[in-house]
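First come two forms of one protein chain, each written alone as structure tokens, so that there is a structure 1 and a structure 2.
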Structure 1
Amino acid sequence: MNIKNVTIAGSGVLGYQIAFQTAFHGFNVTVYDINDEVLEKAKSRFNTLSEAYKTDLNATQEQLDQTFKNLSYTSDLKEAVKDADLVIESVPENPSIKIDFYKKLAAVAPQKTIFASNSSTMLPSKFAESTGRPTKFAALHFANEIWKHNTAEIMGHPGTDPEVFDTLVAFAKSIGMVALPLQKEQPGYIVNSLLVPLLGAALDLLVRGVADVQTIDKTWMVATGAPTGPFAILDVVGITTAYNINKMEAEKTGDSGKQQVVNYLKENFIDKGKLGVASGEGFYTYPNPSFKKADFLK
């Protein structure tokens, strides 16, 4: 299956990055969102993003000019998908919004169009039926700062056509991603199946008073050779996300340890506006966190 025209639905935090990365690699990209005002916001963010492509990827002005030429915008769904080979859905992480979107999309997309979901926490089997074309549907999951953290996890549901799956793997590679195929459905894919328990264990050690932030990070860095420890990662992910994940887990399991973590994050971080790298302070202060100093590992 040949992919040339790609529609990105949802131009928020991840959607606009997927759109720009795909256009940068020469595909015709249509950006779709609920109204023109939101699309204008995405457009203005592309200018900032193109600066990051210059700094981080040594992108030339010519490449970036071509990228902008490859991008078009519409808030009309039918128009957005009229010749799409692939639609990448990056609408909010809310099951009813997604189901409603897939139903509307199914009604207007051509038969040839493959649908892919960028959902971080929901399995493709949850939406397969609403797409009206379960064989042509799978998850294609990107990470924040896609141009630098270039993982693309491809995860089908039991009804995904293997040829569609392979097309998504090839497409991911063609937009500069490291393609990571999963053989079966897994909540959290590979990245979060590894990361969430690591970050949870670090918070547990801290809250139970086993060791302080620096000692825990130092242990991980020296023992495994990793460039950062779990608390530095938590600052990148954002304390709000960590708080929400732990809160959901505490509510679901009634685990008192998790509840302690939730209370700790709320009192010491959320209530004080210390939300991680984005707010300039979390477990470390930015732009020059102590774990980057030469003597941190001594």
Structure 2
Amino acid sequence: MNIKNVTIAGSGVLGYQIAFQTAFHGFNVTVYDINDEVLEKAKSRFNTLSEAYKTDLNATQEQLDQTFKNLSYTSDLKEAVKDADLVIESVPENPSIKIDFYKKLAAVAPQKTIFASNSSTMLPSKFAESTGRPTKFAALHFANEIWKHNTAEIMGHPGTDPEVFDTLVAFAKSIGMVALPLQKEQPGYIVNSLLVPLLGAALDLLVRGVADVQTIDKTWMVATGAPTGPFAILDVVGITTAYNINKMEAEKTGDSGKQQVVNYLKENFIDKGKLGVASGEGFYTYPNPSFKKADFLK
């Protein structure tokens, strides 16, 4: 299966990065989102991203000019997928939003189109039937700052066609990713199976008043040599995502500790528009967070 035309559905924290990375590697990329205003925000983020590519990947102006030529934008779903060989879904981490999106997508996408979900917490089997083409559906999950943290976890469900799975592995490699195939479905894949418990433990320590943000991050950084602590990671991931994940977990399990975390995040961050790096403030303020200061680890 040959992939040339890729549609990225959703231009949020990861969607716009996947779009840019894919276009940078020579694919025709259509960025789809719910309205033109949201797409305009994505376009402005691409300008910032191109600077990061110059700094981190030594990208030339010529390469970046070509990347922008490879990108197109639309808020019309039918138009967005008319020639798509692959659609990567990166819509909000909410099951009902995703199911609704897949039903709409299935109605307008060509038969050839492979569907892939970038969901960080939900299993592809949860959405396989909604796609209308379960054999051509799998998860393709990226880490934030994908041009640097270039992991792509490929996870099928029991009904995924092995040829589709192999196509996604090959596609991931072709856009500069380290392809990480999973042999079976696993909530949180590999990265988040390791990361989510860390972030959850940090939030639990904070909400129960054991230690403050800086002390918890400092502990992790000094003890493990990690460049950032869990709260700095949460700011990058986006506090909305952390809120949604904890909210779903609290509703599912009835865990009062998780509910405390949900209430804390809503009251202190979501309601105040402090959403992390994207909004300029979360647990730290940006662009000059305190954890990057020379004396932070003293």
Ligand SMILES: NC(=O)c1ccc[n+]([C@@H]2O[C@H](COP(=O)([O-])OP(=O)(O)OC[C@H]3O[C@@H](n4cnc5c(N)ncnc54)[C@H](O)[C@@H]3O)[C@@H](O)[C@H]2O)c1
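Numbers given to residues start at 1 and step along the sequence of structure 1. Just so you know, these numbers come straight off a predicted model, no measurement behind them. Shifts are known only where both forms have a C-alpha. For the two forms, the rigid core is made up of the largest set of C-alpha atoms that agree within 1.5 Å on superposition.
In this comparison the chain labelled structure 2 is the form predicted on its own, and the other chain is not. Comparing the rigid parts between the two structures, the hinge point among 64, 189, 219, 259 is 189; every other option is more than 12 positions away from any hinge. Of the two rigid parts that make up the chain, the smaller rotates 21° against the larger between the two structures.
On core superposition, residue 207 has its C-alpha offset by 9.9 angstrom between the two structures.
The Cα position of residue 195 changes by 2.9 Å between the two structures once both are aligned on the rigid core. Comparing the conformations between the two structures, with the rigid core held fixed, yields only the displaced run 194-298, spanning 3+ consecutive residues whose C-alpha shift is 2 Å or more.
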